[in-house]
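Starting off, we have a lone chain in the form predicted alone, written out as structure tokens.
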Amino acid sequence: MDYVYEPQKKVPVFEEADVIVVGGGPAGIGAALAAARNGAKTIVIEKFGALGGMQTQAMSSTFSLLDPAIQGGVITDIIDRLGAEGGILRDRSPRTRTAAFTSTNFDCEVYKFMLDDMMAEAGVKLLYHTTGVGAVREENALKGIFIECIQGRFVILGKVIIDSTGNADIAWKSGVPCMDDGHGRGPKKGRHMGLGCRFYISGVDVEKFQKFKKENPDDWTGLYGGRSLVTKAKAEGKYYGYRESLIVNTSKPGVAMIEGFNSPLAEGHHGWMIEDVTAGEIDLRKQVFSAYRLLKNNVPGFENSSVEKTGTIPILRDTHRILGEYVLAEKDIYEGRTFDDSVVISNMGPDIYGPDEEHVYEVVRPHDIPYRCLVAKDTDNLLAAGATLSADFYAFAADRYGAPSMCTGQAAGTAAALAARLNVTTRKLDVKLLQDTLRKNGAPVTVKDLPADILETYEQRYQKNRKITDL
């Protein structure tokens, strides 16, 4: 039997709202706070029991390349609040404009608790343990979404829907045109980035480990280390993993966070296929315990340690993206292109894992993200935010990260609130009004507004660190 018919039934309306945000990761956080703060009745649909998405469920508790000249508004409020709550574990943002890559790490438990409070303060309604499974369509417009939860199946009606699921779940499952293109060139053309993870080890004697690192500087530099240990263990068949070193972060007392793992996807396989995700989870767990045993048995400070926590979900790197009115391109981000309808500035470059063992990060110039990348093509009242934005593979590999995602979320949430208030479609919204509102809320909108000295510093960083010279 190839299929069965699902019987029709009446689905009760759970609630109506101005703005429905589907997915509570960085993009959904930015969207919900922006929409509510601009006067819209806002509901967030989140399938787990906390906000944060990959930052909390996959423990990728990081904002990369933070720069107050580039990002502002909601993300500034988040970082300031994290600092006040004692949730910042490591802040390297002052080096952003000169270093190839910097990150601000935070405590994801503080983050989850803090976000609940911020949503309550803004008047956002949260529905946890609830999954958006499709949309209510009327001709070329979305009018609401179907949800499923422990209470049953319902529909929520809304004036604007923001798909911030990270994999365009609502758009794709509703038949809205989406992209799923993978690597754009070379022998791995069409293949997708692998699945990733981080994990925590507790009971670590951090002082002893740091002393060991200082005594072995050739093998342990910064966060990266254990190269000879990994190489030897691989040769002896005692280590299962794809990278040639370990990334060990000891920002939290007594705890080490180990990151950088990758489970490859073969040609024709995808991060949205359930069998591939399941196989990836199993493979990553095998890598995690192989790395843990390697550290415990060979590295001073880890003798009495244990695995404290692995992620609820793997890091899903590239799945589906909404096809928007404009597709942000690789050349746009390398050239630092500006757009008249820009609503976000990004300073993030492509960070590409896999599809095999490789990892490449590229430095780019600050670039604009136009509003058209958030507006679904040929579908009214659906906006993309975060990793669902309309971009080619290489631009997506940059702007999927936490900071640009939260900023595109703020832009989408602001646009949704304005469209709902003015009773216009998101496609017909006055972009200048949107830009002015974002600026009033502290969010920079275009590279054209950046001072010359900041642009020059970024240009020097780009010329020093770029790897791709011929696009």
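Numbering starts at 1 and follows the sequence shown. It should be emphasised that the depicted structure is a prediction, and the values quoted were computed from it without experimental measurement.
A second form of this protein, the form predicted together with a small molecule, is not displayed here; the remarks below concern that form.
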In the predicted bound form, segment of 78 to 86, 290 to 298, 163 to 171, 233 to 241 with a heavy atom within 4.5 Å of the small molecule: 163 to 171
Candidate from I345, L265, L284, I315 lying within 4.5 Å of the small molecule in the predicted bound form - any heavy atom: I315
Residue among D392, E259, D205, D380 with a heavy atom within 4.5 Å of the small molecule in the predicted bound form: E259
Close approach of S103 to the small molecule in the predicted bound form, 4.5 Å, heavy atom: yes
Exercise: R400 in contact with the small molecule in the predicted bound form, heavy atom 4.5 Å: yes
The small molecule contact in the predicted bound form: G132, any heavy atom under 4.5 Å: yes
T62: touches the small molecule in the predicted bound form, heavy atom cutoff 4.5 angstroms: yes
Contact test, all of K159, G413 and V445, partner the small molecule in the predicted bound form, heavy atom 4.5 Å: no
